[in-house]
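Quick heads-up: it's one chain on its own, the form predicted alone, in structure tokens.
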């Protein structure tokens, strides 16, 4: 479904991505793990065309999207849940959801997807008339995911969905991520909590200073001593 071939990206003169090559197959959850500053979020933003690609190619479903604008990337079926949620705080929960479907014109489908979002996150139905800015951090993360799903993406990019959340909320979020995947959405997940990410993913890539240094089945990475020591806090 998605192929990055030797992708480079820069912030001014600083090179954030150095020949990043990876693939995501239809139906998978693929996770990117690594330390802060490794280039994980930059990779997602390059796919979404929020960060310009300075070299290499990005191909989605056989089409080169390297130079497309962000709105065209979304129209092709890729949506992103950004780090920090980035909901619209002054808009209600329902208005936030409808912003997620702004490119769509099928009103019946949009209403059905609103109801599906409320099934995934029942608390959002209770809060549907509240401004997004009044929600808790966990509720805002749920809203950010639900808003992205309103575009009916074939590929969902998730950036640090567990960041700053209580453990019980994190477990709920990851259960929903697994459900979204089983319902047919392919997912590329960036996550600081490597343990949770590798438990839910099919495959993973390890990034260090803008480069892919390791990849493989998620179960293999989870069991790898180097990964465990560096990212899972296992010094044994």
Partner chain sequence: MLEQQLINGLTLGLIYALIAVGYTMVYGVIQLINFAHGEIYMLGAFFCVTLITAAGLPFYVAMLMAVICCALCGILLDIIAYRPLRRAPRLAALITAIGMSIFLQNLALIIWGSRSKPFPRASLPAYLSEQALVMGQVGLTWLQLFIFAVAIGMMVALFLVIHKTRTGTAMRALAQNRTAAALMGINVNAVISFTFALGSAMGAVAGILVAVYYNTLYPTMGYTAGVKAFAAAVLGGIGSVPGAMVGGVVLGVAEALGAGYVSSLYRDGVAYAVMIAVIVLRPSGILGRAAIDKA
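Numbering follows the first chain given and starts at 1. Quick caveat, the model's predicted, so the values are computed rather than measured.
As for the form predicted together with the partner chain, it is not shown, yet the points below apply to it.
A residue is said to contact a partner when one of its heavy atoms sits within 4.5 Å of a partner heavy atom; residue 165 fails this definition for the partner chain in the model of the complex, lying far away.
Within 4.5 Å of any heavy atom of the partner chain in the model of the complex lies no heavy atom of residue 118. Among heavy atoms of residue 50, some come within 4.5 Å of the partner chain in the model of the complex. Using a 4.5 Å cutoff between non-hydrogen atoms, residue 103 counts as a contact of the partner chain in the model of the complex. Taking the partner from elsewhere, every residue among 74, 86 and 89 has a non-hydrogen atom within 4.5 angstroms of the partner chain in the model of the complex. Proximity to the partner chain in the model of the complex, defined as a heavy atom within 4.5 Å, singles out one entry of 45, 58, 173, 29, which is 45. Out of the listed residues 209, 70, 199, 192, 70 is the one that sits within 4.5 Å of the partner chain in the model of the complex by at least one heavy atom.
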